[in-house]
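Single chain ahead, written as structure tokens, the form predicted on its own.
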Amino acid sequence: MRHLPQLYRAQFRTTFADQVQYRGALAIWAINLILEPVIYLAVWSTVAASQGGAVDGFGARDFAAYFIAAMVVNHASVTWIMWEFEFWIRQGTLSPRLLRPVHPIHQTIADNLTFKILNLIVVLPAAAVLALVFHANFTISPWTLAAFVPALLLAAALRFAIEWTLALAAFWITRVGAINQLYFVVFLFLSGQMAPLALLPSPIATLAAWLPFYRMLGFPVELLLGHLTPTEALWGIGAQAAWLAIFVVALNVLWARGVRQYSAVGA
């Protein structure tokens, strides 16, 4: 553990150099990240206009604030380990990682953080421009901003833990593309990425509030925009911490069992 700071510094430098080599890929990701909320915003703004200017209290400016904030939160929490881990198993590249004196998760943490920091150079100015263009109605208060910081960090940690845990299914079934697709479809609907939870049918919204998906995106967004009370904020942060603890334990248990029966498949 005492060598982890040096490990992270070295991995940050390596990942930074690697990311800079693939500037085109970074640009494509940034464009995709920006286009997605713009599409949702255009759709819901059109729906609001057809309903007399608002849908359940959400006007065009409210939708703009929601989806711009969701864009930033999604960037801060996104991971790709569910796709990458399958490649490690099938190509046998997990084997040399297991020979290293530290858990492979540390490499992915460093890679993930470096990628996000680099893309913030594009994401934050893009968010500011979109807010001006669409006249976003940001109603941020000091307490919501202060509560948003731990909520965002917990959302990122929770999503990382959940997707690392699900990625470990590759130890047993090798090809997990179908599981990944199912997960991301459920995430799209129940996290608040496609629409605020308030616009979903009541049974689905209630289900989403109890599952971890909403805690990874919709909750920090609604908290930042002042849609929640202080009590709801505390409850939500507690739910994030509880889900995180559950998946950290699950990750460790599944990792220990998976490594024991692991064998590289090869190309």
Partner chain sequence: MTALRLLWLHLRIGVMNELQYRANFVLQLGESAIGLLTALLGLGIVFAKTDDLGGWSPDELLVVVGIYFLVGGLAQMVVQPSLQRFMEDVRQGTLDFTLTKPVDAQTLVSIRQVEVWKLVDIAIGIGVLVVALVRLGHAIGPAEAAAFLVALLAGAAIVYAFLMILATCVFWFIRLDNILVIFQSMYEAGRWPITIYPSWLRLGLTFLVPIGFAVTVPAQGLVGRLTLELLAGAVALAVAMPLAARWFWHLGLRRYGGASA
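Numbering follows the first chain given and starts at 1. Computed from a predicted model, the values in this text were never measured in an experiment.
The form predicted together with the partner chain is left out here; the points below concern that form.
S.K.: Within 4.5 Å, heavy atoms only, one stretch in 238-246, 218-226, 65-73, 33-41 touches the partner chain in the model of the complex. Which?
M.R.: Checking each option against the 4.5 Å cut-off leaves 33-41.
S.K.: Contact with the partner chain in the model of the complex for residue 134, defined as at least one heavy atom pair within 4.5 Å: yes or no?
M.R.: Heavy-atom contact with the partner chain at 4.5 Å: present for residue 134.
S.K.: Although the partner chain is absent from this view, report whether residue 199 comes within 4.5 Å of it in the model of the complex, heavy atoms only.
M.R.: Yes, contact at 4.5 Å.
S.K.: Using heavy atoms and a 4.5 Å limit, would one call residue 81 a contact residue for the partner chain in the model of the complex?
M.R.: Contact check for residue 81: no, nothing within 4.5 Å of the partner chain in the model of the complex.
S.K.: Taking any heavy atom pair closer than or equal to 4.5 Å as contact, tell me whether residue 181 reaches the partner chain in the model of the complex.
M.R.: Result yes; residue 181 sits at the interface with the partner chain in the model of the complex.
S.K.: Which one, 138, 87, 189, 172, lies within 4.5 Å of the partner chain in the model of the complex by heavy atoms?
M.R.: The residue from 138, 87, 189, 172 that makes the contact is 189.
S.K.: State the residue from 194, 147, 94, 161 whose non-hydrogen atoms include one within 4.5 Å of the partner chain in the model of the complex.
M.R.: The residue in contact is 194.
S.K.: Going through 44-72, which residues have a heavy atom within 4.5 Å of the partner chain in the model of the complex? Please give them in sequence order.
M.R.: Residues within 4.5 Å: 44, 46, 47, 50, 51, 55, 56.
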